[in-house]
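Single chain ahead, written as C-alpha cells, the form predicted on its own.
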Amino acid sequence: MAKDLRAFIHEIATTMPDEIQLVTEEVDPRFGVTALAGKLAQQQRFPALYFTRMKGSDLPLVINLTASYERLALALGTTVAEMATAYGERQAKPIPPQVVRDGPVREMILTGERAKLSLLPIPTHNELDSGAYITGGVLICKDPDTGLHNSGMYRHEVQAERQLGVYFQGSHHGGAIYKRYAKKNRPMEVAIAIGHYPTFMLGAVSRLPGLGGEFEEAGALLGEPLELVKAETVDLMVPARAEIVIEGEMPPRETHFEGPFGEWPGYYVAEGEQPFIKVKAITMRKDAIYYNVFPASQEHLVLGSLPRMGSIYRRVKESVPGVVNVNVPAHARTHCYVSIKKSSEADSKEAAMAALKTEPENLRFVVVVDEDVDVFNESQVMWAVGTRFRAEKDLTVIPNFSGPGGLNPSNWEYGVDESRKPVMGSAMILDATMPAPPLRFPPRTKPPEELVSRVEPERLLKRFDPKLVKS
C-alpha cells in the first residue's frame, strides 16, 4: 500500500487498535471535536479520533492522529527510544520527489465559485479563537528568485467563503518568501495540502538550512520519493496522494485582521494584521478525509517536537560525536534533554549550546545527562539532576539569548496599563553528567544485567488469588 493518510490510519488500526477510536454520532465542528479530545486529554488519554458525521460537511474528520510519540515512531518504522537518532540520520540522506502525471488528490476539481471552504469540516478549536482554523495544512510556495519549492505548517483562519488568513512567525521561511514577492509587488501562489502520511507533515516542520528541501526531507522520512503532481490553477507541485489541496494566491500588500488563536505554548497570542490567501481552487479525493491537528494540545506539541529532536541530534553530533539521544518532551517544547557518552568536561556545554543554536526561538531549558539515563524517562532525567548536578558549578544561564517577542509570552514585558513590549529571551543549561574520565563516580544500583535480560515476565506473572492470604 502506498504511504498516505489512509495507509497510516490502517497501520494504526491493525497494529495499535486501541490507539484509534470511531465516533459515529454527528458532531459540530465548532468546539464539538475538541470538546471530546479535550475531555480525553483531561484523563491523559490521546487516541486518534475518527469522526464519520460532521455537521455541515460530507467529509469525515480525523484528529489526534499524530498525538503520540508511539504513533510517530510507527510512521518512521522505529521505536520511541530510537526515533530521534533515526530522524537525524535520515535527514542527512534526502530523497528527491517523483513527478507523476496524475494522482488521487485530483479526483475532484473545484474552481471559481465552486471552491467553497464550507465544504470542509474545518473546526473551531478553543473557546477564544476568532473562528474556524485549518491547522493540519502544509502551505507550499515557490521562491521567486531560485524557483525552489518551500513548505511549512502554519495556521489558516477562515475569513470568508474563499479567503484564508496566514500567520507567519518571524523565522518562518514562508514569510520570508512572501516578503520577496511583496517587494516585487507580485502575488505569491500557494497551495495548502491537507492529509498525508505523517512523515510528510514532519518534513514540513523540520528545521532545514536555507529555503526549500522539505519535499526531499519528506522522501527521506518516507523511505521513498514523495509523489508530486502539477496543481490545477497555480504553478506549483503538490503531493499527489494528499487528501485535499487548496490553491490560491496571496496579494502582495494587502492584510486582514487575524486572531486570536490558541498557540502551542497554551496561550492566545499574536493577533493583528496579517496577509491572506484568495482561494482559486480545491482539489480532493472523492472520499477525502479531513486531517486536523488539535492546536495548543499534546498533538500540536508532539508533531512539532519530533522534527526538532532529529535536527538537534544531527547538530549536536557535529560538535559532540558521543551524543546518544535527544528528547524535546511533548508537554514542554521549551525543554530539551540530551544524553551523551562523555569524553571530556567540555562535551556537556558544547552539546547544550549546539541544541540551543538549532532551536534558539523556543528552547529555554537544556539538561545534559550521561548515556545511562533514558532521556524519554523524565523520572530518570530528574534523578540525574538530583544526584549529579551541583548548581554552583553546573548551572549556566545565558541572558538575552533569543530574539524578542514571538509566541512565547515570557518574551514580552507587561505593563500595568495592559501594554506590552517584546524583550529578549534567556536560556538555562543544567549539566547533570558525571565527571569525565579518569575521575570516578559511584556506580548505579541495579540487578545483574545478565539475569535481567533473561527474565520473561509474561511467563512468570499470574493473576494473584486473594485466597492465598488468610484475613
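The numbering used is simple: start at 1 and walk along the sequence shown. In this text, all values refer to a predicted model and were calculated from it rather than measured experimentally.
Form predicted together with a small molecule: not shown, discussed below.
Contact here is defined as any heavy atom lying within 4.5 Å of the small molecule in the predicted bound form, and by that definition not a single one of A182, M250 and F276 is a contact residue. Contact annotation for H331: none of its heavy atoms lies within 4.5 Å of the small molecule in the predicted bound form. Proximity of R241 to the small molecule in the predicted bound form: non-hydrogen atoms within 4.5 Å are absent; the residue sits far from the partner. Using a 4.5 angstroms limit between non-hydrogen atoms, A288 is distant from the small molecule in the predicted bound form. Although the partner is absent here, R186 lies well away from the small molecule in the predicted bound form, with no heavy atom inside 4.5 Å. Stretch 298-306 is the contacting one of 106-114, 349-357, 85-93, 298-306, since its residues have non-hydrogen atoms within 4.5 Å of the small molecule in the predicted bound form. For the candidate set N327, T135, T199, S311, a heavy atom within 4.5 Å of the small molecule in the predicted bound form is found for exactly one residue, namely T135.
Interface residue among H335, H256, R388, H172, judged by heavy atoms within 4.5 Å of the small molecule in the predicted bound form: H172.
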